[in-house]
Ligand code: HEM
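To begin, one chain is listed below as structure tokens, in the form predicted on its own.
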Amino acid sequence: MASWDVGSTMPVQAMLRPLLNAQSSPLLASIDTQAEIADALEYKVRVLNVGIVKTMPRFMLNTLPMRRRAKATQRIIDRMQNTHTATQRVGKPKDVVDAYLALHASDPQFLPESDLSLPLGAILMTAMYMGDQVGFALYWLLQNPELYERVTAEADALWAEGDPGEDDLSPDRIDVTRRVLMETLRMSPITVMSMRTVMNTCVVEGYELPVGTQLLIAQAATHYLEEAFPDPWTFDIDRYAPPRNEHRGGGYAPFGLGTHSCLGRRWAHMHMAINLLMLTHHFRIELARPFKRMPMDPLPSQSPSNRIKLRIAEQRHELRV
């Protein structure tokens, strides 16, 4: 954020993915990946489009740029492992890499060394998923100036006596920000569906699903049902306040459903809220140009398109770095 100049304009992904990565890589993996994250995310997105979503042929992973990005990604994964030996981690707080390596050590058959690259590499995707979700939230705020001012007021109150601590981030003090993010997760969730494979033949609503059937579970479809969320195409944060509490009706599923719902959902929600507060407190941000409809990139996950460009209109408060 300290490198952002007043008057500068940045594509939304290029602005917010590095911001979230500057936080998530040290928190989750205890390393700095800023120099490599752009290449790593380009590669991981291509892997998902080829191997999971299957919108690209396999040879698209073997182009010269992709081979270079694959090597950059592997260097990050190697660094994660090389900086997490038992001696190096003595006295340090445990992170996600520690957890994966401990699982591998305790049950190498369940998580063999050959499979470690997948979960360790997935840590890097945190920057993309949370950065894009904050981008959606910022877009909706800019489309609703009154809400932008209310979030800014909450942020200024939090920073009135210096950097806020964990006790300051209570639900009542960030109520508007919390509900803005909840409505963003309903209107523009980054994950709109999940892929699953049927393990036991079953019948659902009269349809027989044989073993091995691949399913797309569109858990976010309910976000746009009138019976679950009246006037579903209107951005309305009062849905999540009494007496409406529409998110408690069973149709709200931005982090998935059941045993496969996101394990990090509570941390992710709070972390994104803090970033939204931080952005509005330190800067006044504008859309470089208006849109009748939000431009999005639908695959491999839903992302705000880089056609959305954000302008730093004013630096409202000094950054302490």
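Since this is a predicted model, take the numbers as computed values, not measurements. The first residue of the sequence shown is number 1, and the count goes up from there.
Although not depicted, the form predicted together with this ligand is the subject of the following passage.
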Item to check | Position in contact with this ligand when the complex is considered in the predicted complex, options Ala29, Val50, Ala268, Leu276, heavy atoms within 4.5 Å | outcome: Ala268
Checklist entry - Between the options Arg289, Lys54, Arg67, His260, which residue brings a heavy atom to within 4.5 Å of this ligand in the predicted complex? => result His260
Item to check | Contact label in the predicted complex: Arg196 to this ligand, heavy atom within 4.5 Å | outcome: yes
Checklist entry - So, in the predicted complex, is Met272 in contact with this ligand at a 4.5 angstroms heavy atom limit? => result yes
Checklist entry - With a 4.5 Å heavy atom cut-off, would you call Ile190 a contact of this ligand in the predicted complex? => result yes
Next on the checklist: How about Thr152 - does it come within 4.5 Å of this ligand in the predicted complex, if we only consider non-hydrogen atoms?
Outcome noted: no
Next on the checklist: Heavy atoms within 4.5 Å of this ligand in the predicted complex: which stretch in 222-230, 106-114, 72-80, 126-134 meets that?
Outcome noted: 126-134
